[in-house]
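The data below hold one chain only, encoded as structure tokens and taken in the form predicted on its own.
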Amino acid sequence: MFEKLKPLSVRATLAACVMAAGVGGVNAGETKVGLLLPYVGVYAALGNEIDAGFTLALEESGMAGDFVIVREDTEVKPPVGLAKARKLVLEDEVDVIVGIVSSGVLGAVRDFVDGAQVPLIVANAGNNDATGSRCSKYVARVSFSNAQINRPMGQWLYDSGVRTAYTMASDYAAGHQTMAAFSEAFIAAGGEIVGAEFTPFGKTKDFGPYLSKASAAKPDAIYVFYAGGEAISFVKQYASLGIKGDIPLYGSGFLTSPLYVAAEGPAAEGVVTGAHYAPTLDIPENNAFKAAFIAKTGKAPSEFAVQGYDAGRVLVEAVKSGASGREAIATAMSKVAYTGPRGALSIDPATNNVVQNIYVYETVAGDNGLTQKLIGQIDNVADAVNGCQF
């Protein structure tokens, strides 16, 4: 959960301290960027993908020389993330921070960047509150909110003929937020949730007992939120227990992310998920992006690479508009709009959360391994204000 907002007097004091420390230790016209990402540990792959996408955006803009990058590792630990954010602002004197994979880290640094009045472009962490009740004019998100991906899937499943669903997710904030959004939309559409389970996050190795309960409820579908290693284990066990042949599996796109779907193997075939990006999206912007990313890294991009790329694009567009310095960049971020690899993208000035399409795709076997077959699209998905007040 996020900490309480610092009192205005504390915020003013912090801002004064930051100004006293000096703003921007670079040459005139240069923008100093702090990349705050996990580079070691369980989310290192995500951090590196975001970093690669971000630097590609700067290179493509022809403005790479206008940016100075300082990298810091959050280690996916909130106290470490906060300490590194303080260093970037108070010692390195960055103009803007980009990154944050973990919602826990975002919660730890939110009050600091708000109080210091330093813009933060969130390239992954999806906690709803960050652009809802805990929003800040200095925090803009180019990735997704947990509700934004899963709410449209509730309606989509019902429209596809699903009438009863059993939900499962990891027992932490993201799991609860994703399932709440899906379930609310599915029920509102006329569907019924016949059972729900939250499995211990990072500790569940055997999903068998949970899957057995889901199967016994005889739903039309199982809808889940799992990511990373848990997604791989869950999908494999769903298939090996024989449930795959009886009850179809749906979920948020992280369940079959291109970053690790190959590790799931044939078990992932037929699984249908919704996400804000699919590598098979056939538009000129995505085709060009994929070619450039493969040339740069030797591999196809994931949604994390796109989030990094769009974080870079938002920053570039803000600077191109004439924004220079922290306050100007923060103001310019919410005015950015363009068409990129995931299609039309803008920042909602009412929440500073991204407005984007959600794509529904089935994982299928292709000529070169598993791939994504697009079967649905929900356009221009935006979150409600949800208590946001700047």
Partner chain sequence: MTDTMAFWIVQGLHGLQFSMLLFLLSVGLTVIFGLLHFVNLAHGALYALGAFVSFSAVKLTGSYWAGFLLAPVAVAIAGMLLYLGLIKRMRNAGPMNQVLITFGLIFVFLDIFRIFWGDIALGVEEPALFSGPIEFWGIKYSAYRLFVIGLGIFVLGVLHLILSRTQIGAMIRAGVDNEHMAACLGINVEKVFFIVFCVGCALAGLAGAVAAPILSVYPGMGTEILIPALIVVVIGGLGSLKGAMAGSLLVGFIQTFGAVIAPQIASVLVYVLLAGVLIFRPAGLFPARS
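Numbering follows the first chain given and starts at 1. This one's a predicted model, so the numbers in the text were calculated from it and none came from an experiment.
FYI, the form predicted in complex with its partner chain isn't displayed, but the following is about it.
Undergrad: If contact means any heavy atom within 4.5 Å, which of 311-319, 289-297, 116-124, 242-250 contacts its partner chain in the predicted complex?
TA: It is 242-250 that comes within 4.5 Å of the partner.
Undergrad: Counting heavy atoms only and using a 4.5 Å cut-off, do 40, 44 and 209 all touch its partner chain in the predicted complex?
TA: Yes: 40, 44 and 209 each sit within 4.5 Å of its partner chain in the predicted complex.
Undergrad: Could you work out which of 232, 281, 181, 135 is the residue within 4.5 angstroms of its partner chain in the predicted complex, going by heavy atoms?
TA: Filtering the options by heavy-atom distance leaves 232.
Undergrad: In the predicted complex, which of the listed residues (272, 259, 147, 275) lies with a heavy atom within 4.5 Å of its partner chain?
TA: In short, 259.
Undergrad: Examine residue 164 and determine whether its closest non-hydrogen atom to its partner chain in the predicted complex is within 4.5 angstroms.
TA: Contact with its partner chain, no.
Undergrad: Are any of the heavy atoms in residue 237 no more than 4.5 Å from a heavy atom of its partner chain in the predicted complex?
TA: Contact with its partner chain, yes.
Undergrad: Considering non-hydrogen atoms and a 4.5 Å limit, does its partner chain approach residue 265 in the predicted complex?
TA: Answer yes; at least one heavy atom of residue 265 falls within 4.5 Å of its partner chain in the predicted complex.
Undergrad: Any of the heavy atoms of residue 197 lying within 4.5 Å of its partner chain in the predicted complex?
TA: Yes, residue 197 sits close enough to its partner chain in the predicted complex that at least one of its heavy atoms falls within 4.5 Å.
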